[in-house]
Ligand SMILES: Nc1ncnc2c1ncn2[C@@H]1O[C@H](COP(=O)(O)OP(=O)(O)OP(=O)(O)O)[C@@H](O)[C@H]1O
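Just the one chain here, the form predicted alone, laid out as C-alpha cells.
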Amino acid sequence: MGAPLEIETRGLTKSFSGRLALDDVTLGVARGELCGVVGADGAGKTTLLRCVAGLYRPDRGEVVPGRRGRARVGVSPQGFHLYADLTVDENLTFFGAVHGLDRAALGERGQELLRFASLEEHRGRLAGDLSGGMQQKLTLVCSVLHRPPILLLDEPTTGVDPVSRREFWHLLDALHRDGTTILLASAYVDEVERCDHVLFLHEGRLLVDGTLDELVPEGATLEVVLRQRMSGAEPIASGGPA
C-alpha cells in the first residue's frame, strides 16, 4: 500500500469571466512526493496551485483538507514577491514572524537555509539588488522557514539563468529528501522529468497523471507522450497511490 495522499482534489472546476481555467480536475499527490505540473501558458497550472493553497475558491469540486491543514503549506508564487526594499535578513525576520517563529528558532533555521542556499554572505543586501536567481532562492528560503510539510511552487525557475536553475534544484532535491511533499508547476518538460509524479494540464483539463515509468514507453520521451495526449487521445488514468 502506498503513502497516504497529502494533496487531493475532486472535480475541481474554476472559471474567470466565463472562461474555464480548470475543468473537473481530480488528482492525488502522495505524502513525500515531488510532483511536477506541466502545461502551456494558460493551461491552468497557477489556478490549480492557488486552489490547493486556498487562495481561490473553486466553482465546483473541492480540495480535500490534508492531515496537517492549509496553515502548514509553504507557497512560492510566480515571480518575485518579497520586499525589495528590505535586506535578506529583514525579509527572513518578517516571514519568520508571519509564521510565528521565535527569535531562536528563526536564527537557527534562517542561518541553516541561507548557508545551504549560498546566500549567507548577502544577508545585508537589499532583496531588490539580488540577481534573479538569488531572488528565487531567497523566495524558496522564506517559503520553508516554518518547515511546512507541503510546498507549492509556481514556475520558480522561469527566466532564471542555467547555473541558478541548477542551484535551485539542488535546494529542491534536499527538501524532497527531507520528506517535504512538493507540487511544482513548470513550463519545462526536462524539469518535470526529475519528478516522481507528472501531471499535464491542457486548457484546464488533466490529460496525463502518473509516474514516468507508467507514462513513457521504452524508446519514447515524455515530450512525445504529452504531444500525443494534447492531440486528442483519451486521458491517462493515474497509476499512483490511492
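Quick note: we count residues from 1 along the sequence shown, nothing fancier. Every value quoted in this text rests on a predicted model; they were computed, and no experiment measured them.
Note that the form predicted in complex with the named molecule isn't included here; everything after this is about it.
Exercise. May I ask you to state whether Arg19 is within 4.5 Å of the named molecule in the model of the complex, using heavy atom distances?
Key: Answer yes; at least one heavy atom of Arg19 falls within 4.5 Å of the named molecule in the model of the complex.
Quiz item: Is there a non-hydrogen atom of Asp41 within 4.5 angstroms of a non-hydrogen atom of the named molecule in the model of the complex?
Solution: Answer yes; at least one heavy atom of Asp41 falls within 4.5 Å of the named molecule in the model of the complex.
Quiz item: Would His197 count as a contact of the named molecule in the model of the complex, using a 4.5 angstroms cut-off between non-hydrogen atoms?
Solution: His197: no, not in contact with the named molecule in the model of the complex.
Quiz item: Would Glu167 show up as a contact with the named molecule in the model of the complex if we use heavy atoms at 4.5 Å?
Solution: No, Glu167 stays farther than 4.5 Å from the named molecule in the model of the complex.
Quiz item: Looking at 170 to 178, 43 to 51, 57 to 65, 26 to 34, which lies within 4.5 angstroms of the named molecule in the model of the complex, counting heavy atoms?
Solution: Correct option: 43 to 51.
Practice problem: Would you mind picking the one in Thr93, Ser118, Gln78, Thr87 that has a heavy atom within 4.5 Å of the named molecule in the model of the complex? | Solution: Spelling it out, the residue with a heavy atom inside the cut-off is Gln78.
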